[in-house]
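Starting off, we have a lone chain in the form predicted on its own, written out as structure tokens.
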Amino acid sequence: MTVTKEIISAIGKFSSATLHEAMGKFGDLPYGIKPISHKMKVCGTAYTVKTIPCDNTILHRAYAYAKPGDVLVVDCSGYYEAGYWGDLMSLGAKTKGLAGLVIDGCVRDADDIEAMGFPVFSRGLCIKGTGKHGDGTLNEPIILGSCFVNPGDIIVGDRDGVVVVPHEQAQDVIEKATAREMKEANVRKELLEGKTSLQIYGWDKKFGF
């Protein structure tokens, strides 16, 4: 399935949690990967990267090769004691039109990145620099936590976390997410009318109310 700008726009209207639920509680990246600023959101197609521990040369190649609208999704081989990404790389990636960075590792220069408005989701912050050996892979499948990420999958991130929507399931996920939001809208209406969640979901009969 071709992922169009319209599909990206449609999926980007949903929260990460809604998409995760719509996929049957699938597609979530490790919970430790969060935006460096709570206001940051990201949505775009995955350009996958795998670094060797404590080395970021391949990230310089990645943002140079990726296309506008791509999100760099990075596996740092389980090594977190380094700042793999900073303000200068963010400036370069933003200038090229990339949608953001999701990295299973740490970054630095957080204040400058936040000020320029480039979405960065990471495990945390680390001031330690990296080596420049240059090994790793580009635009090949990677695994983050228990989630496979393929090039071209759709990445959505917000304050709650990051979810991966397989590109071939995009239209189905949009439909299920839409249905879920309609259902939740009805629940909100009933809550405002004074019903409890026990009553709405029928649990009052099970637990007594």
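Throughout, we count residues from 1 along the sequence that is shown. Keep in mind it's a predicted model, so treat the numbers as computed, not measured.
Here the subject shifts to the form predicted in complex with a further copy of the same chain, a form of this protein not shown in this document.
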Report task. Spell out, yes or no, whether the shortest heavy atom distance between A64 and a further copy of the same chain in the predicted complex is within 4.5 Å. Result -> yes
Query raised in the report: Can I143 be called a contact residue for a further copy of the same chain in the predicted complex at 4.5 Å between heavy atoms?
Result: yes
Query raised in the report: If you check in the predicted complex, is T178 within 4.5 Å of a further copy of the same chain, heavy atoms only?
Result: no
**Report entry** is_contact(I155, a further copy of the same chain) in the predicted complex, heavy atom dist at most 4.5 Å
**Finding:** no
Report task. Can you tell me which bits of 11-29 touch a further copy of the same chain in the predicted complex, meaning any heavy atom within 4.5 Å? Result -> S16, A17, H20, E21, K25, D28
